[in-house]
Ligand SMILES: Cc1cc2nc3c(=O)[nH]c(=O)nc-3n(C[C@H](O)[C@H](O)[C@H](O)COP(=O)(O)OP(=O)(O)OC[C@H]3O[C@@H](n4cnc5c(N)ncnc54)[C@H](O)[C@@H]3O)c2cc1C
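Just one chain follows, in the form predicted on its own, and it is written as structure tokens.
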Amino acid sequence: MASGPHNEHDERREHLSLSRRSALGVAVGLTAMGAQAAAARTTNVVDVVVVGAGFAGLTTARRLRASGHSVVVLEADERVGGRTKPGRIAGEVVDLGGQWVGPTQTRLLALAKELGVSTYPQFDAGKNIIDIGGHRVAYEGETPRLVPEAMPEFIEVIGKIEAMAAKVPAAQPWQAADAEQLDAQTVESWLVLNAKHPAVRTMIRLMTRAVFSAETGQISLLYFLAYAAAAGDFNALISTRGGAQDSLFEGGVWQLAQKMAAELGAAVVLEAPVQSISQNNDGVTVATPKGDWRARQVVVTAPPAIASRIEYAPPLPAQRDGLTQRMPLGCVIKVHVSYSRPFWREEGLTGLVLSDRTEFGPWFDHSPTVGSTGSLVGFFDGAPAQRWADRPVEARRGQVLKDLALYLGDAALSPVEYLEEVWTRAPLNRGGYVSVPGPGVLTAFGPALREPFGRIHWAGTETADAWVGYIDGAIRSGERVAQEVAAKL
């Protein structure tokens, strides 16, 4: 009887031994398979890898190639253009992302001329509508008409903003004389101290929301001023004629990216999200599902929050890593609504409406230059975009038409077609149109925006020295980083 347990024990030992040998064999097999897969991965060699095929990345690649260097542009999306994107509504191709250009955005205008794309002025013949604090008025020109008793303070507040912005170095705002004091405040905290009339406060909040796709309480005052300085002044950001909304591109601005990519040809690789960037004394390796690229230098053009999703070896410096955690993108949903005709023009209206009674807005006339159809383009920005991003498209459409009808009449309730882009939910973007740091970020982490990390260089509109947040700024950043990298090759 004593031998029974002993035999069962031996059987268990033999079974465990066999199990361990089997497991070891499987592990060895898997290791061999992994080694074969690793060996099978394609490793390409170029001088420079550019991460991102937006305007910054494509500009960088073109400049470096023109200097005689080999490049590849790795793009996670199935298209080029970054925060610009084409869409089609009522037979017309439109921009679902950035679209306007101003007269001082010289890099973008030069690129359009080079690539044979013409511009036309934003329609502004007639009266705009403003409705703030229960005071609704139709007016002409660039200066919003608030309730009369609020206008002197509004002009004074704008003057204060312009004066402060003039003292902030756009490229390095953290070096301003009172940088820490300015960076310790939000736009909202400053506004409450410097504007007493409710209409003035509301107007600045709406303007800020329209420019940054964020709320005044979320934005560092230092960043707000630097952003204005990068555009020349605050008025350039909010104006139509002569400002950032001066003109549009025939066929859309997105096509400029498409034309640049076509020129680069096979050097642009789509659907190739960068998983990791590893660097050592010999070079840098960039890994994607489509293979690895070995290079001497790499340029990352994604905004900080998106660039943080890449795995870096060695890890990013503390300052750069801290920046990526504190510089989220704004929240925005862009909407196009097409009609059989631009009926608002018949009423002598430009189509521009700014209101504190609506979720959707501001909106502008975006009617085609040929044909008889009419179109409006507008936005859910900041808090409204946050509220509406996760709702069904039918709900957003209903709200848009309701808001339009409030100012343009029942004709606005019967569009030919509706088109939108929810940038806040786009997996590869997660917002737009620019990154927005809160208080204390720029003075603590700002220098990491452009400071290279070994062989890794940073570009993108957030890193521009002029027109930050705009396509023109993205192009400028590409020009800068191409020169920076070329000097190291």
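Here the structure is a predicted model, which means the values were calculated and not measured. The first residue of the sequence shown is number 1, and the count goes up from there.
Omitted from view is the form predicted in complex with the ligand, to which the following refers.
Enquirer: Within 4.5 Å of the ligand in the model of the complex, heavy atoms considered, which of Gly97, Gly382, Gly252, Gly361?
Expert: If I apply the 4.5 Å criterion carefully, the residue I get is Gly97.
Enquirer: Decide whether Trp423 counts as a contact residue for the ligand in the model of the complex under a heavy atom distance cut-off of 4.5 Å.
Expert: Trp423 belongs to the contact set for the ligand.
Enquirer: Taking the ligand as it sits in the model of the complex, is Val299 in contact with it (heavy atom to heavy atom, 4.5 Å or less)?
Expert: Val299: no contact with the ligand in the model of the complex.
Enquirer: Can Pro273 be called a contact residue for the ligand in the model of the complex at 4.5 Å between heavy atoms?
Expert: Result yes; Pro273 sits at the interface with the ligand in the model of the complex.
Enquirer: Taking the ligand as it sits in the model of the complex, is His366 near enough to touch it, meaning that at least one heavy atom pair lies within 4.5 angstroms?
Expert: No, His366 sits far enough from the ligand in the model of the complex that none of its heavy atoms falls within 4.5 Å.
Enquirer: 63 to 71, 458 to 466, 437 to 445, 41 to 49: which one contacts the ligand in the model of the complex at 4.5 Å, heavy atom to heavy atom?
Expert: Flagged stretch: 458 to 466.
Enquirer: In the model of the complex, which residues of 144 to 169 put a heavy atom within 4.5 Å of the ligand?
Expert: Nothing in this stretch is in contact.
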